[in-house]
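This document opens with one chain alone, in structure tokens, the form predicted on its own.
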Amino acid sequence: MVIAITGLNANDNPGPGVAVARSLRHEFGSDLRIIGLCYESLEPGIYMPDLVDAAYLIPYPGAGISDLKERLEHIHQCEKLDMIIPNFDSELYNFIKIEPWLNNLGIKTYLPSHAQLAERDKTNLAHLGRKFDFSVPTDYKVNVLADLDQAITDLNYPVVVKGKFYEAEVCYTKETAATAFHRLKARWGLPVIAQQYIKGTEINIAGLGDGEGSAISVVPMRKLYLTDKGKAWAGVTIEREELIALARAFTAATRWKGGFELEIMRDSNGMLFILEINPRFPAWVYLTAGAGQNQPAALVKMAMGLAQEVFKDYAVGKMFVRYSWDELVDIADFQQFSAFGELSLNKFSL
């Protein structure tokens, strides 16, 4: 198989692409050719020959579907793609839009619909909670500073200020909230979200839905160490039936298709609040492979029409610790990718 993957950045706010690639290598080994689809020439996954066989530059999501289709058509001619797995929230709309076109080329995907994507959006989370009786924090859409002032009046401090696609900051003063608003507005656009702060234990759940209402896999993880952006740098799988039940209830209610992540906060009373619903695999998804439920591999099998039974068990107490690694590459390879937007990694030894 030849599978293309996005999200190969691996900084302190890593994309899921490297973890997805590791999961697929874990399952399929050398029988798989992995193609990196990248937005920048310094995404580390481009230069990892044990994971990625070749890499291609693709246009940013804001360029629209016409440029994306033109680039993917060229890549398909070179690589004969069997499947594409997008791993960024901001690119999913375009990939869902061109899904029929990809199918006509013989390229598989396994994605939610536009309606499902919109329903779990941060701006619609409160509505989803009311619709399906999930506990979610109170939030406000913020388009101007006056909206932020009103949100702070109603929510009190601290307040969580969130970007439309990524990033969040817990703010304790009007000044820090205003600064966060301007920064996130400039980076991700409007609206910015002001959300009620819930104090408690952070838990993330990685899941895979079949589009028919069943959760093929659910793996809960408790964060052990956080970056300054609130991202998990270490975590451990835990056994909590109510967490699995919540993920299955979400999948059944929305009939979710593809990978997802629920960001959960358990408060001091044991109540579970859904803080965010990410419409793709998380950056820690390789933990699901180590725990015995390889979600990216299962998604590929389902996309290819192969039978995939519902996972029942996973290893509890399986832990991940993320680390930094210096990947040494030739400047000529960086220059080639920067200049031509293409790089073959087959010439490297493992």
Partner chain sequence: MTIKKNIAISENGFIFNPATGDSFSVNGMASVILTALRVGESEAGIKAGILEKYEVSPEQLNRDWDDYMIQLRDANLLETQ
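Owing to the predicted nature of the structure, the values given are computational and were not obtained by experimental measurement. Residue numbers count along the first chain shown, from 1.
As for the form predicted in complex with the partner chain, it is not shown, yet the points below apply to it.
When you look in the predicted complex, the only residue of Leu42, Val310, Val316, Ala63 with a non-hydrogen atom within 4.5 Å of the partner chain is Val316. Exactly one listed residue, out of Glu73, Glu239, Asp267, Asp154, brings a non-hydrogen atom to within 4.5 Å of the partner chain in the predicted complex: Glu239. When contacts are judged by a 4.5 Å heavy atom cut-off, Leu224 counts as touching the partner chain in the predicted complex. Just one listed stretch, out of 89-97, 230-238, 257-265, 145-153, contacts the partner chain in the predicted complex at the 4.5 Å heavy atom level, and that stretch is 230-238.
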